[in-house]
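Shown here is one chain on its own, the form predicted on its own, set out as structure tokens.
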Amino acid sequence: MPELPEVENIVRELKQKTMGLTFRRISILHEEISKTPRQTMGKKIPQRKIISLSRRGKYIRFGLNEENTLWFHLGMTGQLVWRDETVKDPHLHVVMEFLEIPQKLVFRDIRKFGEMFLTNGNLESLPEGVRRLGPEPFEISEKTFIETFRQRSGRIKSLLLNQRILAGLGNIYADESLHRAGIDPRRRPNRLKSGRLKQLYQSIRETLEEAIKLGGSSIDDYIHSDGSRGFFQNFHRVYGRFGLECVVCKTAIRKIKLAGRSASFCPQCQT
């Protein structure tokens, strides 16, 4: 699933090309992808100009004039990519056309876990998943981060995946951050010293910054809007490296299940 670095890269790329463009039309080929009725999309989107483009957690938001916002969540396999022509494609769900350029921006999703919806500027129009997102990793202060996690007794890996506590992290960057901080994913944060939580705070930010700089992790279906791939997967320390040697101590990487999700870690480096 695309996480914060992947979504951030897509937003930065799209911002360079879409800012100021005006929608000609939006075609919804598979209605289950859109949480807003097709008729509403067809009425509200055309002739609207893109005046902002940003990220919230793992969500992409297109700010339109007249206070409307078009949102996308990529789910597990979603892609927002440019197409010169919309060739026949069973995984193509949304086609966006603009007045100023011939290229189309399309939304593809093999597994159909992604979603799109339109909001009108009122808090009540936001889905619960957006309303209840926690703070961003780059915005939360070190003090607040430590205080938040010191109050929690769940497994640290599971808590990092909770979007209500911290927005944007998923399996990849939770595993990678915990390895850099030297913390076992099974540990309970209310039993960790503040110094170790401080190290985790710093590791999360450093890991995300490096991943963004390298274009994210292209695993399975993630690609940039121009079809290119990221490179951070080449520098993973634990994620996707089960049975391989730890890059630090050469111990074999382990993988376990925590609350139904996998966790990869080094049993020697992470305590």
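Bear in mind the structure is a predicted one, so any value in this text is a computation, not a measurement. Sequential numbering from 1, following the sequence displayed.
Another form exists, predicted in complex with the DNA; not displayed. Remarks below refer to it.
The DNA is not shown here, and in the predicted bound form it never comes within 4.5 Å of any heavy atom of Gly182. In the predicted bound form, Asn122 stays away from the DNA, with no heavy atom inside 4.5 Å. Proximity of Phe232 to the DNA in the predicted bound form: non-hydrogen atoms within 4.5 Å are absent; the residue sits far from the partner. In the predicted bound form, the DNA lies within 4.5 Å of some heavy atom of His91. Picking from 195 to 203, 140 to 148, 78 to 86, 103 to 111 the stretch near the DNA in the predicted bound form, with a 4.5 Å limit on heavy atoms, gives 103 to 111. The candidate spot formed by Glu8, Pro135 and Leu208 lies out of contact with the DNA in the predicted bound form, as no residue has a heavy atom within 4.5 Å of it. Only one of the listed residues (Lys250, Arg24, Lys15, Lys255) places a non-hydrogen atom within 4.5 angstroms of the DNA in the predicted bound form, and that residue is Lys255. Along 171 to 192, one residue reaches a heavy atom to within 4.5 Å of the DNA in the predicted bound form: Asn171.
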